[in-house]
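Only one chain is shown below, in structure tokens, and it's the form predicted alone.
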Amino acid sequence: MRLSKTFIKTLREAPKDEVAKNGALLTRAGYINKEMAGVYDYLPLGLRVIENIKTIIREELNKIGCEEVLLSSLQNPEPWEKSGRFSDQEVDIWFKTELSSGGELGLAPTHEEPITEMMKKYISSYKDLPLYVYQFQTKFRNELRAKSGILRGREFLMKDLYSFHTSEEDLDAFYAEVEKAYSRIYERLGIGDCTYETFASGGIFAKYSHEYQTILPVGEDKVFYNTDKSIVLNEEVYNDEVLADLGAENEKFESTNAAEVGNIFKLKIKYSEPLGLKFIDENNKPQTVYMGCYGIGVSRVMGVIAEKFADDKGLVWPETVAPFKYYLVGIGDKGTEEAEKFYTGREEEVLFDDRNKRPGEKFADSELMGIPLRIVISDKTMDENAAEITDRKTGKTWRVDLSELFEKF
């Protein structure tokens, strides 16, 4: 991407109605555009980050045998009415719309009911199980509070995975595989060392579920952790009974704020029973399918990373999710000519600031955008047959020979 050819522009000041740091910085750096409270557009840079996050998730889920699908956002009320969740009294975050021909539809806040209903067409025998399907899908939730940038939106992107099993034992085994996959995902996203599997309420599904919480000062959740962080609990389950269950009643716990970036549930037969999802077992008898669900907030992860690593100069992306690996600046006639040579053939990795701007403006934008490495080729560095490299995270600057630059970068 050439900055001279894109419509993206950076802003020196954050919009007055954007109070969250992640929202302000992502807007200033040209990653997102705010339509209204809790609703954002993803611009070219932001979309590249989203796609990088999706790629990491997709690769890890495919490794454990999951298949990708895409379900509709518009929802038929019937499956939801069977589970009792279409009522606004039961679920108060619905967005609903009237059909011109009469009747009501919903915009999906999640997809347990429709995926269960769909699978009635494809699961009939024990030979059809287990089955694991996931999607990246826009969700809609009528949140009362939407002041946290893309950490909490009314329209947001989620990865939701659903698993189908012949038994609770098989569900347990796959659940453990998802736990491992999630650990790998967060590690690859660059937040593995500050994201913890956290005990949370299982609600009506089980005694416990698990959340994945990233330590974050502005996070909306409070978690409690022991000295080595081997046990982390959501505030809602931090009590003597739970500590006794975990054998941690004598340990010292501290608390901190955190942002939830994922959750996993053993649904068991919560949805398959009322919706009639059954299979015929080896003895030719009908049995109810066991289910699990596993979510990751893709756009929320982007916001958490932006919020977590930003400094006083702007964003700081981990290399694995950054929209580009290199921010290239050419200064002077010879430097710009050499920068053109480096850019050619590396367009997918290089954001080339070829604008007619002062070097200081370009450097400020490179820091605001948070691209991992800035490469400067100038007339001055050309005199030494070199380029100057700056690491955005550490601020370290060094020079490399031009031949090494073209070879290794």
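Quick caveat, the model's predicted, so the values are computed rather than measured. All residue numbers refer to positions in the sequence shown, first residue = 1.
In what follows, reference is made to the form predicted in complex with a small molecule, a form of this protein that is not presented.
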Of the candidate stretches 269 to 277, 70 to 78, 313 to 321, 297 to 305, the one with residues having heavy atoms within 4.5 Å of the small molecule in the predicted bound form is 297 to 305
Which one of E168, E197, E143, E177 is close to the small molecule in the predicted bound form, taking close to mean a heavy atom within 4.5 Å?
E143
Of the options F156, F224, Y326, Y208, which one has a non-hydrogen atom that comes within 4.5 Å of the small molecule in the predicted bound form?
F156
Flag R152 as yes or no: does it have a non-hydrogen atom within 4.5 angstroms of any non-hydrogen atom of the small molecule in the predicted bound form?
yes
For S83, is any heavy atom within 4.5 Å of the small molecule in the predicted bound form, or not?
no
Does at least one non-hydrogen atom of E117 fall within 4.5 angstroms of the small molecule in the predicted bound form?
no
Are any of the heavy atoms in E338 no more than 4.5 Å from a heavy atom of the small molecule in the predicted bound form?
no
